Structure formats: structure tokens, C-alpha cells
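One chain follows as C-alpha cells, the form predicted on its own.
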Amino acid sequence: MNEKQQALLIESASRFPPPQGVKLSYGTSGFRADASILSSTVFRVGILAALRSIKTKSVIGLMITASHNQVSDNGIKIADPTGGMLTQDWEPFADAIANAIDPKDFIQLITEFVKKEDIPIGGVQSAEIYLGRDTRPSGEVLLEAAKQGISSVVGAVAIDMGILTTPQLHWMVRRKNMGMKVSESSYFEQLSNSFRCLVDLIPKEDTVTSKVDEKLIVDGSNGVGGEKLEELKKLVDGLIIEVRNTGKEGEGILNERVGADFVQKEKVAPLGFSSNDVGIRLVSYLHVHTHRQCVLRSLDGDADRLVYFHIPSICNMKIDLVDGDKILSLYSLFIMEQLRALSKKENSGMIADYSVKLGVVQTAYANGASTEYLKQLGLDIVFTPTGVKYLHEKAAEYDIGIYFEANGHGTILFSEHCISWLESRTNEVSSTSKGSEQHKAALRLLAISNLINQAVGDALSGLLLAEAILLHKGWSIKRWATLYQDLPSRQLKVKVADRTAVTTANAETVVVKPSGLQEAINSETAKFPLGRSFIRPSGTEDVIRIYAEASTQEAADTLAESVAEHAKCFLGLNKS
């Protein structure tokens, strides 16, 4: 690093002094905290993004958002060249520069890092960073801090993509680095065209009408997702979409008793929904007259999570939840059906010449009933530690990898080889095989690969895919919900002085330290039918998280409390 570059970094950093007494850690959600103390952190992440762009010779993304957090919070996270999250190898450097108090230490950290990574800065190199932000009031100030950080690296250029959902920015970064057209309109076009393709491939002989009179009522969390869904719905034929909690002035507060995170955790309807949303409607499609309860959907603050729910009773606003595990099961079932159709030899002679490796990735928090259902389908199920970065990395090992967390965050990944093979199945067909079930199955899978956001979980694309599958199968939400019955579960947390006192293995399902605790957990679990429990240290705070499930809610509660007591005992928390 030459003297000019060093002087520029020092001068720029002086305008963004770090907050005293605050230590931040870069995780799955990037850096996240009260917006009032984040300017220095965002400035420094701007520098990191520029370095990452130079290192990879690719466009990098910076998203300013705090997702489902309260409106006073904000955050910053990086989209890597693939559109995925920042490589874990760079997370320690992110932590180091964000928390460096002394300016000399700050510059020294950068100097040593660029030397170790062989990153040529201060010369003629170039870097390009896409910037996005959600609708939080603090976003504009933090956007300027990010721009200042980027511009403090010689040759780095910040491109403001405007107000976006987090998945939109990740999608744009991925597309740009694939050499493709990038704009918000191209995002909307790809989603709407792919959805239309899937709907057009519904067997015509079973269709009463091409237009379904089912209204989708969507909770937009008073965030950017509601705003963008209002735009997307204008392009989507065959669906009538009503967006509530759009975030318009005076309508409500971002993430305050609204959104996917609130609905999934509290299991009550969000604000903006009332007893008027309880009831039965008659929907007619696919030659089936189905009595459907009022079906509702909820996005989270930056539109990367999606859950479904309905309100079964006027007595209270408790809901029946269809969470990420059920979304995963719906996607998996439909994709398996298409792959099975591809493997069948028809009169045309067309037959699959390649065995697609399909895998499903879950964490230990997935409800045990969902895992058992997926196993019964014959799927390959693997587990990873909690965190999207682990799930995404594992899913990428398959030809088609599907992952979802119960909170509604997940996606489907298609390998390049798989997409090329599917394209060959649709392009190299004879006149006799065109229009066959095999041909249609390949077209459906290609449409799914275009509709789903392969960079990151995306509530908007996920919503359209779920709706297309439900239309294809002629299912109500009630039919969908009965794929399996969730096992009752309970989650607790125990506050500790040092969360590193507990270490785990086997995707966080087995306690390694303290010695003997896992045996105690096993002994408790064996007392309950269908019992399962694990503990894990939090990734963000000094607490130990306990999860338990069993055949009844009472048993799950008792198991969780017993395991919590064992954890306290082994950690010495019961000592007077």
C-alpha cells in the first residue's frame, strides 16, 4: 500500500470515529446494532467491500438493513461475487477492522491484510460495489458512510442501486458477475415470466379456468417487501394480491407486531388483520371445488423470509402456521415429482441420461416430523450448524440442493451442469417427444431455477413458487398443512457468563463440553415418546439455547426445562 493510499484512508477514517465500549461481530446477518452507533462500522465495511472487489475482480454488494429487527436498528452485510454471503475466511478481518479503536491499529490491520491476501491497492486497480438499502430512516446517513468508505480506496466506485429488498441486491450482484442484464425491472420480469411459465404448464385438461379467483393477502411487515410486492403484482397474471402493512406513511411501524419473524415466533396474526379475515371461501380450479380458509402470507422486514398462516377461529387471533419446514416439504415434493417424470421412458423414446443428485439441508431446529416426512419421500437429508451460510454451502454440493429454516428463510440451488442438462432435454427433443410429460417436467424445473432466487432466500420469489405449485396440485393450504403434523416443541435460553463454556459437534446436536452433559441430556430425552433435545451456545450473546420436542406439548415443556436444569448444573450456575 503506497503512501497516497494510506493517507487517504487515514483522512477518511478520521471523519468516522468508532463508538467507545462497543464490540460488534460479523455473522450471518452481517453487523447489526442501533443505527446511531453504526456509521463507523458501515464506513469500514465499505473499505472491506472495495478490497473484496479488487481481490475477486468482481462486483461486490453492500446491503444496509437490519431485516426483522426494530426500526431503530440497522446493519450492513456483504454480497460476495456469487450473490451469496461474505466468505467466512474474511469474517475475522471484518471483526478486526470494525472494532479497531486506534487509527494506527486500523491502518496496520489493513496493511497486513492486503499484503497477506496479495491485494494491490493504491494503484490502477478498479473495484465496483453495488449499494442497496431498505426503507429505514437511518439508511440514507449510513449509505453516505458506505460511499465514503468505498471512495477511500483508490479506484473503487460505489453504484447506488436505490431502495431494494436484500434478495434483490444479492440477485443483482450474482447476475452482474454472470455477465447478464441487471436492473430492478429485469428482476421483476424474470420472476413474473417464470411464474407464468409454470402456470402455463399446468395440465390444461384439468383446468376449469385460466384465472384463479383466489386473493392472496400478504403482510408486508411495513417494510421494503410490501413496497416491492405492490410493483411485482402488476406483472403477475392469474393472482389477485392484496398487500397489507405496506409501510406507507401513517400505516404502521416496521416490524412492530408484524412480519414473518413475529408471526413464526408468536403464532398470532400480525397487526392489520382482524376477525374479518376469519372464514371460508369457495375456490374453483382444476375441476376441484375446495373450501379454503382465508389464507395469509407474511414477509419480514427486508423480504428474505416467508411464512404462510390462516386464522381458524374468531375467538382469538391465534393462527395455524405453515412455516419454512412446510415450504421446504412442498418444494421438495414437487421437484421430486418432476425428476421422477424425467426418469420415465415414454413411447417417444426420450429418457433421462443423467441421474440428478437431489438433497435437502436442514438444521437441528427443523421439526422432527418434517425430517421424517422428507425421509419417507426417499430424499437425502443432511444437517448443518445453525446459520444460512452453512446451509447454503452444503446445498451447493448437490445438483439440486434445497434448504429452509423454520423461520421461512431458504432457497433452491441448481448446479450449472444440471441446468445445462435440463436445457438439453428441452432443446434437443423430437417432434414426437415435445409436449410429453418428460419434456414438461424439464421445462418446469428450468422455470423453477429462474423463478427462485439462487443467491439467497427471497420472500417474493418464494411466494410465487409456492403459489404455482399449489395451483398445479390443486391444493388448499389445509391440504398442504396436512403433509405431516408438527411435533410439539419448546425453546428456552440460559444466561451464562461465557457461552464458549459449551462446545458442540455433529451440526450442534451433540455436546462435547462440558463432559457428561450430553449423557444427561440423552437420559432425559429417553423418558419421553418421540423425545429429542439439544443445546447450543448462541452466536451473538452469552446465552445457551435449549431446544426440545416430544409427542405432547407438556412433555416438550418438561423435557426443555429438565435439560436446562442439567445445563445449569454442569456449568455451575446452580451454586449459591
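Rigid core (definition): largest C-alpha set, two forms, superposition within 1.5 Å. Heads up: residue numbers just count along the shown sequence, starting at 1. These figures come from a predicted structure and were not determined experimentally.
Below: the form predicted together with a small molecule, not depicted.
- Partner contacts here mean any heavy atom within 4.5 Å of the small molecule in the predicted bound form, and among 469-477, 385-393, 184-192, 138-146 they occur only in 385-393.
- In terms of contact with the small molecule in the predicted bound form, the residue from Arg297, Lys77, Lys326, Lys228 that brings a heavy atom within 4.5 Å is Lys77.
- This chain lacks the partner; the member of Glu128, Glu405, Asp399, Asp73 within 4.5 angstroms of the small molecule in the predicted bound form by a non-hydrogen atom is Glu405.
- Contact check for Gly539: a non-hydrogen atom falls within 4.5 Å of the small molecule in the predicted bound form.
- In the predicted bound form, none of the heavy atoms of Asn522 sits within 4.5 Å of a heavy atom of the small molecule.
- In the predicted bound form, the small molecule lies farther than 4.5 Å from every heavy atom of Ser551.
- Contact check for Leu443: no non-hydrogen atom falls within 4.5 Å of the small molecule in the predicted bound form.
- For Arg257, a C-alpha deviation below 2 angstroms is recorded between the shown form and the other one after rigid-core alignment.
- Annotation: Cα of Lys394 displaced by less than 2 Å between the shown form and the other one, core superposition.
- Once the rigid core is overlaid between the shown form and the other one, Lys493 counts among the residues whose Cα shifts by 2 Å or more.
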